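Below, in structure tokens: the form predicted on its own, a single chain.
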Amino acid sequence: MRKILWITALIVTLSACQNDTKQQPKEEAGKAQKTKAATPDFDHKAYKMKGMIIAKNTFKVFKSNIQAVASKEGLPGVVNFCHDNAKKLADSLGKVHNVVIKRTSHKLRNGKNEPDPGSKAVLEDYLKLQENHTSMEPVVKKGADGYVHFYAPIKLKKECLKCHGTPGKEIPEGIYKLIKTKYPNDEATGFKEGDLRGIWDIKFLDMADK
């Protein structure tokens, strides 16, 4: 009888050890998953810094070109320059930094710059912040396309009212007619200084889930 009891106890002990062995990998796997989930799959801070530098440099290049054209050809030259060269300039700067540089808005001038779902969501968030008079900060996130995107607000400066203010007021009638000739479906007017004109959408090509 004692021998039977001893054998039974041994079997129970061995079964318990085997169950512990099976549970241990599951517990370790669970811990590994939690650790992986807690660790970002890319460096938000680094991409934010890169995005801010690229956006700042791109704005400086655009501004210097526009000022040079304005000094020689006036506002008509600026309208023509933006129509003919804005995308080319953004594309060439994007190749230098291995990114895709896009400017988009909730009130488009060029229909080709329509926001994708990711940009549209960021625009909507910024517009809510503007309504509440809350500061807008750059955003870095992984897009549905698998790429890391940097988003930042573009605030309208006073000198930009000549092309984006109110027609007949800040925008001279002749310039507005030229704008409508270049962009028949233009919606990018009626802004005030400091308004959200649109956003930067900078897509980094060096990292993607493909």
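Everything quoted here is computed from the prediction, not taken from an experiment. Numbers follow the displayed sequence, beginning with 1.
One more form of this protein should be noted, the form predicted together with a small molecule, which is absent from this view; the next part is about it.
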query: All of 86, 108 and 159 within 4.5 Å of the small molecule in the model of the complex, heavy atom check; finding: yes
query: The unique member of 155, 180, 44, 142 whose heavy atoms fall within 4.5 Å of the small molecule in the model of the complex; finding: 155
query: Option touching the small molecule, based on a heavy atom within 4.5 Å in the model of the complex, out of 122, 78, 136, 99; finding: 78
query: Partner proximity in the model of the complex: residue 82 to the small molecule, non-hydrogen atom cutoff 4.5 Å; finding: yes
query: Touches the small molecule in the model of the complex: residue 163 (any heavy atom, 4.5 Å); finding: yes
query: The small molecule contact at residue 130 in the model of the complex, heavy atom, 4.5 Å; finding: no
